[in-house]
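Presented below, as structure tokens, is a lone chain in the form predicted alone.
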Amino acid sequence: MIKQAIIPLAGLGTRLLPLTSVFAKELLPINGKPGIEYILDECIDAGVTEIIFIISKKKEIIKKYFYNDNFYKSIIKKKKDPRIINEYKKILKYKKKIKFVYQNKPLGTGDAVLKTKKFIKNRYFLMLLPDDLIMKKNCSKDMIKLHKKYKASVMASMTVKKNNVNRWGIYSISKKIDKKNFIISDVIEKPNTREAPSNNAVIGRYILSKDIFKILKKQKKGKGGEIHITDSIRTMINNKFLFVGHKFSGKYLDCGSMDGYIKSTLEIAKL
């Protein structure tokens, strides 16, 4: 069973400036609810019991959000407002499942994942990127079912426009399993349009084997001077680890840019 999830949250969110100059992008409200809570609800609904947040000292506001007990207790004592009581109970429920790990230097997602090594107990774990919301269908739950069937790593996928491939990790496919799933033969981090083997992109949901930690330890910096998880996944595929790509059924929302953030609020309001 997949019982642990990791969520990298140390990035500064520069695409959402000026909002992120004073506030963590993951706490920005999307239709009245902090974005990170959509990710937490997806994890919990998928059966995850422990969630590891990777933050930096500059993002400690995220920790404070879940550890602001004295504030809530004093407000509840004065007002006894049922809505505030319910919100506090919800935060307490989340807090029981969360651990915090620090990544104080912005060295990439691969480096962030490596920071969680000593906390991962089982053979496989889930990773979710908080900029990517998938609504209406629990992508993590579907991927866990697929993992159980094939005893493999699994990555979420969607088709993107060919002129946008340089924003994503892009797959090569060796074999189709069915309409929604396929065997991955390679993955390239942010290729240009000429290098891209397809327009099937990695979206921010991964089930990974803890074997990746050995590779991440030796991983050299890639594009932009960062350690990319995609580069280590590529090494694993070359070493014959099985990776399944899953074309998810839910509605994808990109919350990582200002335009995407505004659109996400409007789209979720319609659901």
Ligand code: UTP
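This structure is a prediction, so every number in the text was calculated from the model and none was measured. Residue indices: 1-based, along the sequence shown.
One more form of this protein, predicted together with the named molecule, exists but is not displayed; see below.
Only one segment in the set 142-150, 175-183, 74-82, 108-116 has any non-hydrogen atom within 4.5 angstroms of the named molecule in the model of the complex, and it is 108-116. For I98, no non-hydrogen atom is located within 4.5 Å of the named molecule in the model of the complex, even though that partner is not displayed. Proximity of L12 to the named molecule in the model of the complex: non-hydrogen atoms within 4.5 Å are present.
Contact between I91 and the named molecule in the model of the complex is not found at the 4.5 Å heavy atom cutoff. Contact check for N200: every heavy atom lies farther than 4.5 Å from the named molecule in the model of the complex. Within 4.5 angstroms of the named molecule in the model of the complex, the stretch 118-138 places a non-hydrogen atom from each of L129, P130, D131, taken in sequence order.
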